Each structure stands twice: as C-alpha cells, then as structure tokens.
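Given next are two forms of a protein chain, the same chain in both, each as structure tokens and marked structure 1 or structure 2.
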Structure 1
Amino acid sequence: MRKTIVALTLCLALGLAALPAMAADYPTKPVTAFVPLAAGGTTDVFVRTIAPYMEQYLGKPVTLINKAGSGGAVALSALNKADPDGYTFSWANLPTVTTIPQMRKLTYNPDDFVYIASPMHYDYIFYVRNDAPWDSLDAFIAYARENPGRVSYGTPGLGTTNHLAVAWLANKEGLKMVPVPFKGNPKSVAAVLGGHVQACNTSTTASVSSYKSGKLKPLAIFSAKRIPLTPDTPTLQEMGYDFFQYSCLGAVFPPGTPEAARKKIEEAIRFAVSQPDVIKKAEEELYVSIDFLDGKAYRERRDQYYKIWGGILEEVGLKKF
C-alpha cells in the first residue's frame, strides 16, 4: 500500500513539473486549424491573412484545412474527435456554438469546447442583383408580400445568423420567403448573380468584388452600424426595426485541452491582429472589424448570444432543443 502511495505521489509530482515545460516549449510541431466555411469567404480570407503572423509568434507552421458544411458544424464535429493535445483547433463562426445546436442534434456539445479567443466580428449587407426592380428594402418587402413563397434568398447555411436575420425580418413582416443554403457566402452571392435566388444576406468580404464591379445592389445593412463599403445604405435599426445581426469569428480547442496551449494560441491571435498591415487590410480590403476578445470574454459573449439567438429561433419557430 505504501509503495502504491509513493508511486502515485511521484507520478503527480512529475506531472506537475511537466506543466511549466509545456507552457515554455509548446508548440513543438505544426498546429492544425480547421476553417468552418468555404474558401474565398470572410472567414477563410481573414484567417489566411493572420496565419503568417500566428506562425511567426508560435515559431511553427499553422496548417489551415477547410471543412465547410452545415453552416460550420462539420468543422466542429471533426474537432470534437481530435486529440486534446493542443495541436488541433478550429475557427468557429458564432452559429456553430449558439444557434445550430439549438436547431438540431449534433455530435458535439458547444459547452464543452475550450474557448481560445475571438479576433473580429462580421458585418452584413442585404443585397439583390443590380438589375433587380427593387431600389429599397420596403419595395422588396412589398413584392415578397404580394408573392408569397416565390421569393428566395441565399444563406451560407441554415441556422447561420445570415439565415436567421432574414427569417426574423420575414416573420416580423408576415412574409413567406424561401431560404436556400449554400456552402459559404461566396456561393450565395454567386446564386444571386446567376438569378437562382432573388437576394442574399452576406458578409462584406464575400461581396466586395461583386459590389464594386456594379453587379450587386445593397438594400439594407443588417449589422448594428453603417459599413464603409456602402456608406449610404441604412441599417435595419435606422429603418425602425428593433434588431441588428451579430456574429463573430472565434477559435476553440477540443474539450480537455490544457490551459497552456489555449493561452499560447490566444496570444498568437492577439499578436496577429495587432499588426498594422492586418488592421489596414481588415479595414480597407476585407471591410471587417477587428474586435479582439480573450478566451474568457469570448466565452461570455458566446453565452450571451446563445440566449439572444435562442430567443429569435423560438420566435421564428426554429428552436428544437
């Protein structure tokens, strides 16, 4: 019995002694990061912009792997199966940890993930094709009201805030519109341009090229504030709606990942988004807002919007769990 106690004590001591070593040495090999949405969208472009600086801080490569599908849930399902050794994390759009788990059963529980940090929040614009007959959101709503079930809009996935914001508006106005999910914002934009759907609520990065080339017409800003890309386009709140769309990009580890690894990746993200050229590109090319939250603040924001978006899911009849 005494030998067993001595052995357990020695193991515990060795384990505790190893913790500082991990904090100092981690990472000792490349780190893999899943990207939850398709190539070319806001998330993909942004994380590829900051990855070189994360590598600089960590001293090891950061390998990005796109795992699009189910509004981002595919990536987190894969992450949930990964070893919690600090060498695999996933970028996460807010719906994957707030709305989608309240809509359907998943292979992961978002409460269990280790929340690393959030570098920025998204901005959203509601577009139609430039040759569409509607020049205002009111005109679009009037048409949708007169043609129930005939108006469709593209989303980067059912349960994303892009989808739910339009569903909220349709519910508020008593409209019957059809959401059409695509694998990412770029494909929903392409569907508008191709005439496959009448509108889309999309991110700035995914739409900037088509907008600047005159192919898209903005009808409303769904974010809280006007966006420099389309400064003359009013927000929903300016139009009298008591609503704005919020979502952020974050990073999460599998359940059980050591704090030393979480802290180091948090520091790498903070370092990356503090670089002048990253800030400049974010503002002038991607039209996204750097809004860094550490792990604690990110988890608190997630908990806050789990309740807020959960209420909207219930309001529009999509909350299942």
Structure 2
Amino acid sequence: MRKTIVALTLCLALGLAALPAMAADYPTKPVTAFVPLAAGGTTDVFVRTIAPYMEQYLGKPVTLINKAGSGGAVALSALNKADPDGYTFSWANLPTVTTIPQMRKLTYNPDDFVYIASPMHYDYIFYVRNDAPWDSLDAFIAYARENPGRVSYGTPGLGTTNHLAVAWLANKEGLKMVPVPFKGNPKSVAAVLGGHVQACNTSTTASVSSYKSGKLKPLAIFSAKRIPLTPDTPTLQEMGYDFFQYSCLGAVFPPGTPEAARKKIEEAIRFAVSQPDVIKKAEEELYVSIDFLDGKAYRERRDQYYKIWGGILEEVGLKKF
C-alpha cells in the first residue's frame, strides 16, 4: 500500500515536472499550420506576413499548408484528425466555427477545439455604383421599400456574414431584397460595376482599387468602426442600428492540445502582430484591422457570435443544425 502511494506520488511529481518541461522546450520541431483558403488571398497573405515573426518568436519554422474547401471546413476537419501534440494548428475564419457548422453536418464539433488567439478582424463596406441615384443608406432603403423584390445585392456566397448582415438589415427595415451569391468578393464587386446587381456588401480588399478609381460609392460601413479607407462613411451603429458585422481570423488547435503549447502560440501571435511592420502592412496594404484577442477572449467572441449569426441564419432559413 505504502509503496503504491509512493509510486503514485512519484509519478505525479514526475508528471508535474514534465509539464513545465514541455512548456520550456516546446516547440522542438517545426509547427504545421493549415490555411483554410487558397493561396493568394488577403487571409493567405496576412498569415504569411506574420509567419516569419512567429518563427522568430518560436525559434522553429512554421510550415503553412493551404487546405481550401467548404468555407474552411476541410482544413478544420483535417485538423480535428491531427495529433493534439501542439505541432499542428489551423487558421480559421470566424464563420468556419460559427455559421458553417449550423448550416451543414460536419465531422467536427467547433466547441471542442482549443482556441489559441485571434490576430485581426475584417472590415466590410456596403457599396453601390458611383452613378447610382442613392447617396445614403437611408435613400437606398427607401428605394428598396418602394420596390420590394426588385432590388438585388451581391454577396460572396449564401450564408456568408456579408449576406447575413444585409439580411439582418432587410429584416429590421422590413425590406424585400434579393441576395445574389457570387463566387467570392471580387465577382460580387464586378457585378455591381457591370450594373447587374444594385449593391454589394464586400470585404475591403476586393473593392479598394475600384473604389479608389471612383467607380464605387460606399453607403455604409458594416463593421464596428470607421475605417481609414473611407473615413467619411458612417457605420451602421452611427446610423442608429444596434448591429455590426463581425468576422475575425483566428488560430485553433485540435481538441485536447496541452495548454502550454496554446500559450506559446498565443504569445507568438501576440508578438507578431505587435510588430510595426505587420501593423503597417495590414492596415495600409491589406486593409484589415489588427485586433488581438487572447485565447479566452477569442473563445468568448466565438460563443457570442455562434448565437448572433445562428439567429440570423434561422431568420433566413439556412439554419439546419
């Protein structure tokens, strides 16, 4: 009996000793990170911009692997199957852990993941063409109210936050507008430029060039704060709506990854996004907002938006699970 207790104590002591040892040593080999989108997009370039700084902090290479598909679900389902040893994590956009699991059956449960941190969030602008007769969102809404079912807006896909945010607005104002899904933000912008839809809600990067050359007219910022690109365009909140569109990029570990590894990657991300270089590149060239959330805040934000977006999904009839 006594021997057992001694043995147990020893084991425990050894185990406790091993834990901090893991924290001190980790990482001892390269860390693999999945990127849930194809190479060459805003997210991809952002992630590749911060990777060298993360490597500098971790002292080991970070291998980025692009696993596109199913709005990021392919990357997360691969992550779900990976070893939770702290050497594989995935970048994920907020919809992949909030809306997509509510729209279709997936092989992972987003509640199980270990949320590491979120380095930035995206910004969204609601545009019409420069020669459109509306100069404010109110005028646009008034027109849409008079012409139910005849006003269409472009989105990068059904069930994306871009679609849901406009759907929320339409519901709130009692408008009947047609959401038209295009293959990605650039195509949705092109449809506005060509006059095939009246408006679009797009992330900033896709619209920068067309906006700067005067082909698009911003009516409202759908994200929380005004953005440097269009400093004079008011946000939805300033117009009196109690709503803004939110989606962020974050990093997650597979279920069961030790806290020590999570902490280390969180710190690496924090280190990377506090670099002046990164901040400058993100804001001036990629048009996204650096907004660091640690693991706890990120998890809370995720839970909060799981409900918010879920509610809107239900209103538009896309919620299945």
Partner chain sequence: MGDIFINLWQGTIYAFSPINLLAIVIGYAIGVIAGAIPGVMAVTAMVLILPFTFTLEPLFAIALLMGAYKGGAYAGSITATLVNIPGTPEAAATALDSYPMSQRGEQQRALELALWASVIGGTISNLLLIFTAPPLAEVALLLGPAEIAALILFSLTAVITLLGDSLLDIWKGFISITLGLMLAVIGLDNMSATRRYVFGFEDLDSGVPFVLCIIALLALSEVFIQCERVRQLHIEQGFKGVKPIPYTWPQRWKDFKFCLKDLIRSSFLGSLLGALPGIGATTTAFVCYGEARRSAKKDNRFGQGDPRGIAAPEAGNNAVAASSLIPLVTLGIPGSVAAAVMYGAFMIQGMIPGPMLMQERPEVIYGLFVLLVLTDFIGAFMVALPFIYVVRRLLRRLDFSLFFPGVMACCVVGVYSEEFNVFHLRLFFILGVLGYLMRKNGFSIPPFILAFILGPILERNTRTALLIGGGSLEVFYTSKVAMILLILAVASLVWALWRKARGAESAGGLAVPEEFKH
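All residue numbers here refer to structure 1's sequence, counted from 1. Whichever C-alpha set is largest while still superposing within 1.5 Å between the two forms counts as the rigid core. Note that this is a predicted model, so its numbers are computed, not measured.
In this comparison the chain labelled structure 2 is the form predicted in complex with the partner chain, and the other chain is not. Here the chain moves as two rigid blocks between the two structures; the smaller block's rotation against the larger, from C-alpha superpositions, is 23°. With both forms fitted on their core, the C-alpha atom of F140 sits 9.3 Å from where it sits in the other form; this compares the forms between the two structures. In this core superposition, Y127 moves its Cα by 6.1 Å between the two structures.
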